[in-house]
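Next up is one chain by itself, shown in structure tokens, the form predicted on its own.
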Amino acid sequence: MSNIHVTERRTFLKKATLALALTLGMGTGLLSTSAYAEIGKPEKADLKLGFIKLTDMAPLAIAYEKGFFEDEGLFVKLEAQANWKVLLDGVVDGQLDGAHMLAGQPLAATIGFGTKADIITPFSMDLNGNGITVSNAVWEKMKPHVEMKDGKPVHPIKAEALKPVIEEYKKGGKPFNLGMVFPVSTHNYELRYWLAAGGINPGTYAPAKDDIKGQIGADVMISVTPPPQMPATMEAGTIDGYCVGEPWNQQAVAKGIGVPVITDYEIWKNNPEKVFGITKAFAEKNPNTTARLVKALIRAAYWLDENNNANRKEAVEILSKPEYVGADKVVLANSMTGTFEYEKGDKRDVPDFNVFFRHNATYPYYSDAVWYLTQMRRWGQIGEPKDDKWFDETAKQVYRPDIFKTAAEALIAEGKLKKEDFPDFGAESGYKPATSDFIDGTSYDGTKPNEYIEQFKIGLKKDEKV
């Protein structure tokens, strides 16, 4: 535990004062027009929340540093976790009350892929934020196959440019190794999507639960590497590239060891990324606490995107602290302030690289959940065919817009946010309109998951088994 830094900022005086304010407010009706009266006092005020050292944990850090948790009568400790499995296990066994999670983790746990547990998410933490980086050696081999303009690559770079490099490795009897952060991570699915869109088979998973590599029929070998270890692992030659969140793509550029070839914004525009996960049991036992947690996180997300990202420089200062991400401020700022550096010196404007509130980023859409489930099915993590109803019902077990709505309406009632800041709750189905904002132009309609899966040349089809 020595490398896990625990952040704690609470005092007896603050705690007593806030508790008294809540009690007096509720007892006298002074807060009758606010959400406190509707939601009630938190059932559990002392909380420990986990995270991985990535910039998209920012809503947790901001909710803490700006006092949004304390405004809700919550006294929170934020604790960095060693990896995604340790984090999930901590939530499941109650050592953590909630955590910054991979969007696929609550879904995978619910359907029993890997750890079996009832995990829900009432809050989506961000959109976009990832990239795919290759080593300098691989990039030099890719460049002849990349369209150039004025001496610089034309983006997005498709995986077709990587295919000849992989074939060269094969001829030499050498595996082409890629890293991602976890079998049910967005990074795994984005990496696989990009590869398959370029005609490269990333492999499928065996039905056995202990298959974490998914290399059946693969042209490349994909394995798990914790995010902070990605650059060093590539520099050592263990992997030839990786898909990860920030700041670990920009770290490769800063160290001069690799080149990010594509961002996930270019793979799927405004894709969902991390979520806030808690057990279903915690939410049922502590409904007021849960709603108040979501209120604080919504406010933090709003602050991060407020006034066209005006607060991002301050956010970088906060995230650079060792107890949060602990990366160099310049590296963090490369993506957090609306730019992204590909090759050294090739810095481009990507204003939506990190989105925390815009585009309804915080709302837990069923269609986001269904997309993850389609990828689990496509790559064999779900080994048996499932009908469309199953996808819908599973999404609704895990994604909880009802809790989000309670929190959002409380913030509106308190005047902290406006009705127009959120989706139209009266008309909201939980499913976004169909979109073809993918690198291969494939259309995705979350209400028709099997029709979506059938469109792909690589991966399992509707009725196929591993």
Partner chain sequence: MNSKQLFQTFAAPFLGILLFLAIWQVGAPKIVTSLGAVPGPVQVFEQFTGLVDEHRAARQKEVEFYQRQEERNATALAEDPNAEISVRPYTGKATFFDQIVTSIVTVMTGFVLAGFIAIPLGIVAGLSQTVYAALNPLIQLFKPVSPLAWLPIVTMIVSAVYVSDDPTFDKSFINSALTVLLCCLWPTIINTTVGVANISKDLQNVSKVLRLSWWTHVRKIVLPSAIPMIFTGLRLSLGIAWMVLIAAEMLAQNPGLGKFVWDEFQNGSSNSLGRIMVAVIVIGLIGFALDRGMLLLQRQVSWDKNAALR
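Numbering follows the first chain given and starts at 1. Since this is a predicted model, take the numbers as computed values, not measurements.
Although not depicted, the form predicted in complex with its partner chain is the subject of the following passage.
K.L.:
Decide yes or no: are I403, A407 and E414 jointly within 4.5 Å of its partner chain in the predicted complex, with each residue judged by its heavy atoms?
P.N.:
Contact check failed for every one of I403, A407 and E414.
K.L.:
Would you kindly say which of V325, M125, I267, V184 lies with a heavy atom within 4.5 Å of its partner chain in the predicted complex?
P.N.:
Only one listed residue qualifies here, and that residue is V325.
K.L.:
Only one of N136, S223, Q95, T339 comes within 4.5 Å of its partner chain in the predicted complex by heavy atoms, so just point that one out.
P.N.:
For this set of options, the contacting one is Q95.
K.L.:
In the predicted complex, is there a heavy atom of its partner chain that lies within 4.5 Å of any heavy atom of P228, even though the partner is absent here?
P.N.:
Judged by the heavy-atom cut-off of 4.5 Å, P228 is in contact with its partner chain in the predicted complex.
K.L.:
How about A82: is it within 4.5 Å of its partner chain in the predicted complex, going by heavy atoms?
P.N.:
Taking the distances in the predicted complex, the answer for A82 is yes, it comes within 4.5 Å of its partner chain.
K.L.:
Residue-level question: is Q251 within 4.5 Å of its partner chain in the predicted complex, judged on heavy atoms?
P.N.:
Q251: contacts its partner chain in the predicted complex.
K.L.:
If you check in the predicted complex, is D437 within 4.5 Å of its partner chain, heavy atoms only?
P.N.:
Answer no; every heavy atom of D437 is more than 4.5 Å from its partner chain in the predicted complex.
K.L.:
Please name which of the stretches 352-360, 73-81, 109-117, 271-279 has residues with heavy atoms lying within 4.5 Å of its partner chain in the predicted complex.
P.N.:
Looking at the other structure, the answer is 73-81.
K.L.:
Let me know which residues along 38-55 have a heavy atom within 4.5 Å of its partner chain in the predicted complex, or say none if there are none.
P.N.:
Counting only heavy atoms within 4.5 Å of its partner chain in the predicted complex, the contacting residues of 38-55 are K41, A45, D46, K48, K53.
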